[in-house]
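Just the one chain here, the form predicted on its own, laid out as structure tokens.
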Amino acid sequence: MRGRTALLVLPGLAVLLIGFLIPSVAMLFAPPGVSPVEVFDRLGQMLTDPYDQAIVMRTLGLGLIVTVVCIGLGYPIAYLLSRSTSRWAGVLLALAIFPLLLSSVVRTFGWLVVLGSQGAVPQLLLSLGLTDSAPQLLYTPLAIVLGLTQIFLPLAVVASYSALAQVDAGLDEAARGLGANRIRTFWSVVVPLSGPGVVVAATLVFAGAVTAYTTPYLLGGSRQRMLSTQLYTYSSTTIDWAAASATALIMTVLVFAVSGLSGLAARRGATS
């Protein structure tokens, strides 16, 4: 039986190996016409260059901010949907994840209209007398955070909902029957049991925010460069494959490091 199961898995593993792992390793360590030594030399230069350091820290900082905002907004929504007994709960869940069906380019262009100098937000601030002139909200970290939050909030809702739906609602009633109020039940029962799912949601959001290209490019421009936009510049404009591979390595390490730390924190929280 196990042999048959292994045979069923082999085609998928072969596709994963040939179509993903081998090209990824080649891209990271041996891009066209560049040796691994050149890649690591360029990586060392980037890690000591203040300009590249600023890009790395900006990418890491904005990725963490977007992750915290998405989980902070998405988890309560997912909790309410998972505990709802209304016949409209399924419809509300579908509405929450409906933005995933839309192109990220379309949603990002919406922010260009809203945050532009003639957009709704600057004009509202101007009409309220909060500013003397329409503020420049585009090409700022705030614009990138807003755009990425809109992109990845539905993902956070879906991932959190899948974890919360597996937590038996009867445990809430049992905790309240033992004298715990709703707040204590939420923090002592629901959050610990759904913690691994929330870690998965946070990892997905962070990985997406760090590697996203379209939204940082359109809303951040050349003023707020991130690793993804810098990678595109190296690979398509300056054709510096060593720098492109070094940038991809940094992005990969960031994602794996944060996901590993979040998983370790979740395991410690589960055992404490």
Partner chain sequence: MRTRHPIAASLAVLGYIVMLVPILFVVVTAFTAGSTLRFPPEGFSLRWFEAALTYTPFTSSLVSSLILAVISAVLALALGVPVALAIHRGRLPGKALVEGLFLSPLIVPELVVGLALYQQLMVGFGLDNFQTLLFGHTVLMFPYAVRVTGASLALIDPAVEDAARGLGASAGRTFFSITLPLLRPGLFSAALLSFITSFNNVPLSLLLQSRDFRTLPVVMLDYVQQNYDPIVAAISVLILAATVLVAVIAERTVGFARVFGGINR
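What you see is a predicted model; the values in this text were computed from it and never measured. Positions refer to the first chain, counted from 1.
Keep in mind that the form predicted in complex with its partner chain is missing from the display, and what follows is about it.
When contacts are judged by a 4.5 Å heavy atom cut-off, Ser194 does not count as touching its partner chain in the model of the complex. At a distance threshold of 4.5 angstroms between non-hydrogen atoms, Pro50 is out of contact with its partner chain in the model of the complex. Within 4.5 Å of some heavy atom of its partner chain in the model of the complex lies at least one heavy atom of Thr214. Proximity of Leu92 to its partner chain in the model of the complex falls within the 4.5 Å heavy atom cutoff. Note on the partner interface in the model of the complex: the residue among Leu73, Leu125, Leu142, Leu171 having a heavy atom within 4.5 angstroms of its partner chain is Leu73. Using a 4.5 angstroms heavy atom cutoff to its partner chain in the model of the complex, all of Val113, Leu146 and Arg182 count as contacting. Contact annotation for 73 to 108: residues with any non-hydrogen atom within 4.5 angstroms of its partner chain in the model of the complex are Leu73, Pro76, Ile77, Tyr79, Leu80, Leu81, Ser84, Leu92, Leu93, Ala94, Leu95, Ala96, Ile97, Phe98, Pro99, Leu100, Leu101, Leu102, Ser103, Ser104, Val105, Val106, Arg107, listed in sequence order.
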